[in-house]
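Before any questions on binding or motion, here is one chain by itself as structure tokens, the form predicted on its own.
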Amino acid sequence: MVTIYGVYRSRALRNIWLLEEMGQPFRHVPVLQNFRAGAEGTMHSRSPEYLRINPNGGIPAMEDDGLVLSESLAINLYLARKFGGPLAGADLKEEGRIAQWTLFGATEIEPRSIQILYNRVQLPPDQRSEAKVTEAVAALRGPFAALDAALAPTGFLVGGRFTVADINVAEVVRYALPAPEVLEAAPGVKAWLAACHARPAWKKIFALREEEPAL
């Protein structure tokens, strides 16, 4: 059985979402980020027992039949390929498109959207920078316009249906929600993200995320 290491308030949420969508049973081992360490009985990313699993100390990690993977988006590509079904690529062309959009999300969106999340939500108020938010919003306008155009024909990124590509990209777009102005400029992206978040699997895992302490 696949084991996912991480908490809901981490990038492990991406992997748990995919597994829930596929209806695949899995083992979940909570592991806190090191800066949140202190919860009694919970591993954190610098715990010796976790570093034996993932020497890089990042969250999440996955174990499956002797294979250990880190990097949440890579884990999702592996899980989709392993279990197949409509969330995976139907052929090599679709797998290429899924990889393309996953890398687009990782390189063109997440480095900017995470700055919005940090500087409007996560950092202490005295450490936030509206200048960084403004810079991130400006940098996201181009990628969001490209994403908006890609979604226009069917409302999905690959194959005219909801796939792992939608999960991977939705999870990095979500970080931009504290700057609604960037989504207002890309109405297709805004509607698509709302549709992703209306899915039963997302509602289930996000409710579990909300039960976890924020810090």
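These numbers come from a predicted model, not from an experiment. Heads up: residue numbers just count along the shown sequence, starting at 1.
One more form of this protein exists, namely the form predicted together with a small molecule; it is left out here, but the text below deals with it.
For the small molecule in the predicted complex, the listed stretch (142 to 150, 178 to 186, 27 to 35, 160 to 168) containing residues with heavy atoms inside 4.5 Å is 27 to 35. In the predicted complex, the small molecule sits beyond 4.5 Å of every heavy atom of V173.
When the small molecule is considered in the predicted complex, E71 lines it closely, a heavy atom lying within 4.5 Å. The closest non-hydrogen atom of M62 lies beyond 4.5 Å of the small molecule in the predicted complex. In the predicted complex, no heavy atom of G155 sits within 4.5 Å of the small molecule. Three-residue candidate spot S10, R46 and G57; every residue lies within 4.5 angstroms of the small molecule in the predicted complex by at least one non-hydrogen atom.
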